[in-house]
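In the form predicted on its own, a lone chain appears below as structure tokens.
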């Protein structure tokens, strides 16, 4: 099997991640913050260490502002619905995921979509804009948004700046101070190499956020209302301790391996892939900026093939895992002009090899030349 669907969920994971999940489930499956016995305390230690690790990774000074969620979708919904109200004006890029657009439209926000290129130069917004939301790395074609420049602009204009780092976290350096990020949402199971069922939400101090879910927090149990302190306000119910511990180990692995080294390895793999794809007739490569493609994912089509049919054929015939379709981002496809065709997305991990790249290129060449 060749696994090229890391933008959906990373695979493989470091051994330390697998071991952590198993060890936690077998030895420390207590409920954090729900008692003073040894298993509850150990579970609490696992969660707190993960909070510290996440905070350090993203340059977050206040550890308690790190909240754990089930996934990036949950984090984005908390960050959007907890802050934005009906008719509040929100500016988004033309590459946002459904996890951003659907919550915004569901609450009746006044949404303005800006072309991708405008985000990288100067953002012109009206004075009543409450929030700017940016997909840091497109999950469709891998293009990167200049979040630092946008963050500076948002700060100068007193606009809340929210970054969807679902695809970029663990691949590209992110610092909430340097990038002027007010709200950061990301998945734990993609570039951060953690298990599925994990996500992270950071909310800057001073932002008034309402909880979407109220319930048991293990704190202020005598109060009828949800605690307003972080992280309790956004963490009702039992946390995924095993998953959070695994996420912690994934980030530790990246720190040890080196984020820049990991990124450079993925860039070299992608350079080899794209160079080969450009030499195959009938392969269409989608890159919005018409620049070099050096991140860990790219979208293509092969003339004569439906994207879903091609992805299924690659899996059934050759054991190659890629994703064909709209990738839960129809707005991005509309921006790219592929709303009627979709694309085949190829997304790499530093665990992939050049041998896999070469084998895949031979397969695509064979398929393209048959049509």
Partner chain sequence: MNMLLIFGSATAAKRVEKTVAKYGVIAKVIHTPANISKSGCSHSVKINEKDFRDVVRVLSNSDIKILGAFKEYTVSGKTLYKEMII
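Numbering follows the first chain given and starts at 1. Everything numeric here is computed off the predicted structure, so don't read it as measured data.
Not on display, but discussed next: the form predicted in complex with its partner chain.
- Proximity of residue 219 to its partner chain in the predicted bound form: non-hydrogen atoms within 4.5 Å are present.
- Residue 261 falls outside the set of residues with a heavy atom inside 4.5 Å of its partner chain in the predicted bound form.
- Put simply, residue 253 is far from its partner chain in the predicted bound form: not one heavy atom of it is within 4.5 Å.
- Shown alone here, residue 106 lies farther than 4.5 Å from its partner chain in the predicted bound form, counting heavy atoms only.
- Remark: of stretches 330-338, 311-319, 298-306, 34-42, the one touching its partner chain in the predicted bound form is 34-42 (heavy atom within 4.5 Å).
- The partner is absent here; in the predicted bound form, the one residue of 205, 268, 128, 152 having a heavy atom within 4.5 Å of its partner chain is 205.
- Between its partner chain and the residues 231, 276, 82, 197, the one pair within 4.5 Å by heavy atoms in the predicted bound form involves 231.
- Contact annotation for 62-86: residues with any non-hydrogen atom within 4.5 angstroms of its partner chain in the predicted bound form are 62, 63, 64, listed in sequence order.
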